[in-house]
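First, one chain by itself in structure tokens, the form predicted alone.
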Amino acid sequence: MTVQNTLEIPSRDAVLDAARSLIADHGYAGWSMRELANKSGLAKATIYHHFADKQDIYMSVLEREIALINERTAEAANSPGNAIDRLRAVIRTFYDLQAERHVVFMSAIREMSHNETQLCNLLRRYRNDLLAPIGQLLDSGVRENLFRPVNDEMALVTIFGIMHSFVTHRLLIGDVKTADELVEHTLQMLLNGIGNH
């Protein structure tokens, strides 16, 4: 690796770190490339060396956030314990990440109408990386006789549908539930539904 290549990654990361902070404080539209240069400590020419424009930076911030969510979710899905313990860890990780990084998540919701095609393509690209470890967890739960056999695709859509709904509700409306209550409620809804068994 050349000296130039070793310097490119830190400067690219500095741009993304600064952009994430600006998005958190001002949303997508509320900052300029000049502010990004000041916040990152890099010249605008250096920023344009890595990114085509502001939209490219924004999508790169979202891509990095999604990659982090995928990585931590996969770690949770492969954590010690039985399938229920691991499912609980996945739910906890997902909620913790959204609480920790909610501003970028909210920005993506607000920008959806302007960037729908790009955001959908980004989500499609990372979808399998997110879903595969949880699908394996579900299969493990069936083998452990903890879960009944279900259509993995539909189960995964249900799990993330419930979690995304709670996250969106908490971010937009607010909620008094603690993280522990939310995790356990979600887990019980997934395992037992609302039927009187």
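We number the residues from 1 along the sequence you see. Here, rigid core means the biggest group of C-alpha atoms that superpose within 1.5 Å across both forms. Keep in mind the model is a prediction, meaning the values are calculated, not measured.
What comes next is about the form predicted in complex with the DNA, which does not appear here.
Of the candidate stretches 160-168, 128-136, 46-54, 65-73, only 46-54 contains residues with a heavy atom within 4.5 Å of the DNA in the predicted complex. A single residue from the set Met59, Val150, Leu42, Leu156 has any heavy atom within 4.5 angstroms of the DNA in the predicted complex; that residue is Leu42. The closest non-hydrogen atom of Arg34 lies within 4.5 Å of the DNA in the predicted complex. Residue contact with the DNA in the predicted complex: Ser11 places a heavy atom within 4.5 Å of it. Remark: with the core as the superposition reference, the CA shift of Tyr48 between the shown form and the other one reaches 2 Å or more. Remark: with the core as the superposition reference, the CA shift of Leu22 between the shown form and the other one reaches 2 Å or more.
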